[in-house]
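Coming up is one lone chain in structure tokens, specifically the form predicted on its own.
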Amino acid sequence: MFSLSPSVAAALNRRKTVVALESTAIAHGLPSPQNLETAQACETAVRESGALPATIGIIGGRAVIGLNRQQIEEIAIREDVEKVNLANLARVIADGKWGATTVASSLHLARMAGIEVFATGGIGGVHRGASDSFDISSDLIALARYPLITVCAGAKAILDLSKTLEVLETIGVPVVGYQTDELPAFYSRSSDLKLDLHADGPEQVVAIARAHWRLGFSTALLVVAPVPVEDEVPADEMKDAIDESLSLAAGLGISGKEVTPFLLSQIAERTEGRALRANIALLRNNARIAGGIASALTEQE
């Protein structure tokens, strides 16, 4: 059902540092050629932090943990790559399809492989209007189920951030601000939503994670890191772009899994590419931080 690349298998056997990376950003989140360039930059950022990257994807019905360069290139350009979550993972594998893994399915597969650290851009969460639509990402279910240190820039800004934070608290997922006391708003550094947990560096993150799991909890530890200050788009500017994009999506009847890629493309256009640059920068930044955390985790073991 799944295979490890030789380098990932060797690293895990020797209990060396590995960071899992998802592939939805490559296939569905970023345009070409930035998708491939960013995937390679994220892997480089992990390596430069002292860890081994393991990008996850579905190749012809087989989950591969540690995609090679050619496989990443194919996921970046193929038009038949499905967006894979917890609900359709088995079907994509059974049908021999190609798939790009979301946060949820990446966490599931990384856990199967024994990887303890995962990096992504932003998690899914509670969508705006969820009280009527019940549109809540399976990412939250996965975070409640799989004990990995997960590094992100908060939840995607198109979501209801306050309700997403409430759900994370309800399901027992600690949210640790990485050099911040606020939940980042993906493109923007601040959401005005205060956090109870704070870490200044990788060692503190590892200490919190180890204590959390030793106490018998089995949820993820969510580490939220703001986009680098030089790349952020101010929250008030993002609000207008998001509101306009949401209104257009509703008017066109776009729903379900098509909403997020549509909104991201609209927001990139309305911010004249600044949102896209922020997205790329935070992906690299999260990969770098995750690599440092994974290295600290291995050193403490």
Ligand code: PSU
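Quick caveat, the model's predicted, so the values are computed rather than measured. One-based numbering along the sequence shown.
Only in words, not in the display: the form predicted in complex with pseudouridine-5'-monophosphate, which the text now covers.
Checking 264, 67, 233, 63 for any heavy atom within 4.5 Å of pseudouridine-5'-monophosphate in the predicted complex turns up a single hit: 264. Residue 83 is the only one of 128, 145, 83, 111 with a heavy atom lying within 4.5 Å of pseudouridine-5'-monophosphate in the predicted complex. For pseudouridine-5'-monophosphate in the predicted complex, the listed stretch (97-105, 192-200, 212-220, 175-183) containing residues with heavy atoms inside 4.5 Å is 97-105. Taking the partner from the other structure, pseudouridine-5'-monophosphate in the predicted complex has no heavy atom within 4.5 Å of any heavy atom of residue 289. Interface residue remark: residue 21 is not counted as part of the site for pseudouridine-5'-monophosphate in the predicted complex, having no heavy atom within 4.5 Å. Of the heavy atoms in residue 53, none are within 4.5 Å of pseudouridine-5'-monophosphate in the predicted complex.
At least one heavy atom of residue 124 is located within 4.5 Å of pseudouridine-5'-monophosphate in the predicted complex. Within 4.5 angstroms of pseudouridine-5'-monophosphate in the predicted complex, the stretch 139-175 places a non-hydrogen atom from each of 139, 156, taken in sequence order.
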